[in-house]
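So this first bit is one chain, no partners, the form predicted alone, shown in structure tokens.
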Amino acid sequence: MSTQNNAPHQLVERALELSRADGCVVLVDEETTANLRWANNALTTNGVSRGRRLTVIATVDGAEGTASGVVAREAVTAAEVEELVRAAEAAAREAGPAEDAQPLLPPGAASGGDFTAPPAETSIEVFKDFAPELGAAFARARAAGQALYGFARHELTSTYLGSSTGLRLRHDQPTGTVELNAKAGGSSAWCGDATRDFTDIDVAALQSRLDQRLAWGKRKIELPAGRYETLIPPAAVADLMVYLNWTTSARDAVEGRTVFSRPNGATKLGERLSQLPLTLRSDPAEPGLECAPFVLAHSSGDFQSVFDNGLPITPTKWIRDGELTSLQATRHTAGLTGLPVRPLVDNLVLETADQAGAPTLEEMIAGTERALLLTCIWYIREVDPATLLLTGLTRDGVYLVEDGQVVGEVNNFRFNESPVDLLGRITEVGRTERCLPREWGDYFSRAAMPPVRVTDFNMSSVSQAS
């Protein structure tokens, strides 16, 4: 094969052809990114970038088991493939048996896109409608004495997966996010959204939400630390539920290291976490939140195994009607724990069954006697894995609701809460909608959550953060 053959599928085939190991898996990620940034009602930067990463996973059988070696490099050309293959093989020979070793998967279990087609690409054209709407938002903000800050990003990643066992799979993943921050009169407010192609982003609606929050901020209210009934909109709920989902490792639970553990190697599977019929689920085919329908693992770790590359991902209910029903497990950890294989999925939905009857956030506010409205949480860190106690700060909008109306902006707090305990204290669940987690949006942007009402949310101290 000519060293000029730089198409992604050709790089995969070249690496597999060069392999002298007992097994080989190759991943090529082709990525284009378009972005806009703005500050003080004016665009500051825009551009498009391209990237390529080639990952070679070599496996070597030995008397004590199968070892693996993983080597990845950016911007690889056909002429550089052999160097990577040899490096991966050397790494595998120097490594001991891989704990997560499993037979590489044969073709047929999963299906992917056109393996030989060029990678999908994005461009600055993805913002052709969004950018003028953003310009109109700048004008409205200037007229209102506000300053808008933020950024928009659109990525298209085409991943090509091939193996010495005959796998040939390809997945195209669009990922778009927009974040808007408005400042005026000593107040700031944030909102964001996620999208596949920016055709469904309503800038005026986002700005209207910011206007409303800045108007609420004209009255400042000082409140002490304490436990408050709290309304939490979808974006902040997503930040809590994403972290919960990241701690659903079956192995960690069986080994007694997580909130989902029980003594003597048991888990909390089958236990009720909420008295409400809440379901937390993932589905690669979820409309608007579509993601890879098979495992794409560039390294082995707590949540994935390179030996599972190409494993089909099916819809999974992590919590069903308030009951814990699934924990994440690779093929290896499923064998260790006796639990079903459950790969993590790159989207997450929290909902109640009766979506038609679920209230909106506005209806929940109207039905509130006195509560906090917590729009953003930030700087989330884990305090205690045994209870999944998290700490973090409020930011860009905590408000007081009295007698069905928002009456003013409250000082910021540090909070200490466990999302698992919180599930048990939710007293009302609203209508699920697509949202962007503020804290984790760079890593996990495909979420749909409802607003919720929680009793005794623990604002542990007043924060001077702004």
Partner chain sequence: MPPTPSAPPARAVDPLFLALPLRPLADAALDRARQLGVSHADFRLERVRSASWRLRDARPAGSSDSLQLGFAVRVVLDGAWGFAAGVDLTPQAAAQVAEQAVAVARLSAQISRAAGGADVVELAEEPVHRDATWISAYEINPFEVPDAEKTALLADWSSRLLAADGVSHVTASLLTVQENKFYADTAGTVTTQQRIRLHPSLEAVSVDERTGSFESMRTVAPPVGRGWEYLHGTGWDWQDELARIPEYLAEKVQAPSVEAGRYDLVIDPTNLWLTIHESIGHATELDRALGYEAAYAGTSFATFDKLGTLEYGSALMHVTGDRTAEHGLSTIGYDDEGVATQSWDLVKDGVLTGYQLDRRMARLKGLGRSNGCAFADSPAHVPVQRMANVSLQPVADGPDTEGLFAGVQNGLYIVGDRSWSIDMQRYNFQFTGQRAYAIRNGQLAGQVKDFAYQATTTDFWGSMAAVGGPQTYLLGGAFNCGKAQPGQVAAVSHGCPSALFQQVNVLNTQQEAGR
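In this text the structure is predicted, and so the values were computed from the model without any measurement. Residue numbers count along the first chain shown, from 1.
The following text describes the form predicted together with its partner chain, which does not appear among the structures shown.
Novice: Would its partner chain be touched by all three of Thr159, Arg196 and Glu351 in the model of the complex, meaning a heavy atom each within 4.5 Å?
Specialist: Checking in the model of the complex: none of Thr159, Arg196 and Glu351 is within 4.5 Å of its partner chain.
Novice: Picking from 165 to 173, 342 to 350, 317 to 325, 128 to 136, which part of the chain touches its partner chain in the model of the complex when contact means heavy atoms within 4.5 Å?
Specialist: Stretch 128 to 136 is the one.
Novice: In the model of the complex, which of the listed residues (Val71, Ala78, Ala144, Leu223) lies with a heavy atom within 4.5 Å of its partner chain?
Specialist: Contact check passes for Val71.
Novice: From the list Pro277, Gly150, Gly112, Pro312, which entry has a heavy atom within 4.5 Å of its partner chain in the model of the complex?
Specialist: Looking at the other structure, the residue within range turns out to be Gly150.
Novice: Mark Thr387 yes when one of its heavy atoms lies within 4.5 Å of a heavy atom of its partner chain in the model of the complex, and no otherwise.
Specialist: Flag for Thr387 set to yes.
Novice: Taking the shortest heavy atom distance, is Ala39 within 4.5 Å of its partner chain in the model of the complex?
Specialist: Yes, Ala39 lies within 4.5 Å of its partner chain in the model of the complex.
Novice: Would you please decide whether Ser19 lies within 4.5 angstroms of its partner chain in the model of the complex, comparing each non-hydrogen atom pair?
Specialist: Taking the distances in the model of the complex, the answer for Ser19 is no, it never comes within 4.5 Å of its partner chain.
Novice: Should Ile124 be classed as touching its partner chain in the model of the complex when contacts are defined as heavy atoms within 4.5 Å?
Specialist: Ile124: contacts its partner chain in the model of the complex.
Novice: Under the 4.5 Å heavy atom criterion, name the residues of 431 to 458 that approach its partner chain in the model of the complex, in sequence order.
Specialist: Read in sequence order, the residues that approach its partner chain (within 4.5 Å, in the model of the complex) are Arg438, Asp442, Asn458.
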